[in-house]
Ligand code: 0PR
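Given as structure tokens, the chain that follows is alone and in the form predicted alone.
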Amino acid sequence: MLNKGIREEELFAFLAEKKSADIDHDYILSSMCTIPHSVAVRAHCMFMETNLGDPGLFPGTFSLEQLLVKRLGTLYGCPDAGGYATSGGTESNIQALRLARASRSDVAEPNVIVPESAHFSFKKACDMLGLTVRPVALDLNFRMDAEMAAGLIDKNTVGMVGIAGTTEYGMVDPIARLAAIASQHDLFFHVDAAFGGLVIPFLDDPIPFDFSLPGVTTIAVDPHKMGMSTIPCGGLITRDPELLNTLNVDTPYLTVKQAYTLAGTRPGAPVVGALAVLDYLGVEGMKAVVAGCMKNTQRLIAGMETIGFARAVTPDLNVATFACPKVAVPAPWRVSWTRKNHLRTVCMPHVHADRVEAFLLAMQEHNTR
């Protein structure tokens, strides 16, 4: 720490210099986060000092968190759902597996059924909770093999996970079939819809993934992804509004005497930002955003195939992957690569049609020299 403070102008000149080293979103095609919507930014600034970890001090902010849960529960076919705003998919997935473990506390050597496409947060969760992962292979379209999942269930299985919008390929697992399997085995079933949770409901032909399926127990969703909230804002939504109380710990010196959240201090600002975007856009606005992202994804796929890079799979959501060597991508464009070495792009709301065309032109010029 500096012995003596510096002038504000000097400080912000230093910060601006560092900020300028960040990659411009105009060239970012790899991220599942995006530039926040202007109403999210405005709402965030109004609630910057609020702490949902001590909700009795901020009852207005807490009521907005409850309203966000209500909005998401209704969107997912369960208006009376419970839940809370997390820091993102990692926390939501950890909490879901904590709940799954608690549902079968009598099991000495618990395991969970998880697809090979699962986000790396499940590895963290299982390490922390002492759960053995039973990985399920994917089919030719990079979706979880439901019948293989069923065959892995035994007396020590405490839960199963399905993905509604895989991070690498944008695919939706056969959630309806998995939910039926979970119901048959009276098994805790968590759907990781961190990405797809604010895409699928707004598609022209939504894929079943939510509480309309009786076997779904919990859903993870990240408003700071396709919900265009400020970072960080995730959500864990539960069919049973009382379910999270099984994780309660005593908090004697706070305005609430028990809490089930993983984090203690929880910022209210991005939570209000998430609600602001959903209420500002409504279903019609969100459908328009999703339709634009899907249109850009389809254009990107068509353009890349014209250049000579075949799609790895036809995605369910706005993620596009290709058989393409790493040397084929020119600077300053930023893409990423799957574990199977497919070029991966995500057409988020900041990836406008002109950016897709600019990327395709750069790829064509770079690969036809």
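All values reported here derive from a predicted model rather than from experimental measurement. Residue numbers here begin at 1 and follow the sequence given.
Missing here is the form predicted in complex with the ligand; even so, the following discussion is about that form.
The stretch in contact with the ligand in the model of the complex, judged by heavy atoms within 4.5 Å, is 223-231, chosen from 270-278, 284-292, 223-231, 238-246. Proximity of Thr90, Asn93 and Ser121 to the ligand in the model of the complex is complete: all three residues have a non-hydrogen atom within 4.5 angstroms.
Using a 4.5 angstroms threshold between heavy atoms, Leu198 stays clear of the ligand in the model of the complex. The closest non-hydrogen atom of Thr157 lies beyond 4.5 Å of the ligand in the model of the complex.
The shortest heavy atom separation between His37 and the ligand in the model of the complex exceeds 4.5 Å. Taking non-hydrogen atoms only, Leu52 never approaches the ligand to within 4.5 angstroms in the model of the complex.
Ala194 is the sole member of Ala125, Ala179, Ala194, Val114 with a non-hydrogen atom within 4.5 Å of the ligand in the model of the complex.
Of the residues Leu64, Cys324, Cys33, Val335, just one reaches the ligand in the model of the complex with a heavy atom at 4.5 Å or closer; this is Cys33. Shown without its partner, the chain has Ile163, Gly165, Thr167, Asp192, Ala194 in segment 163-194 as residues with a non-hydrogen atom within 4.5 angstroms of the ligand in the model of the complex.
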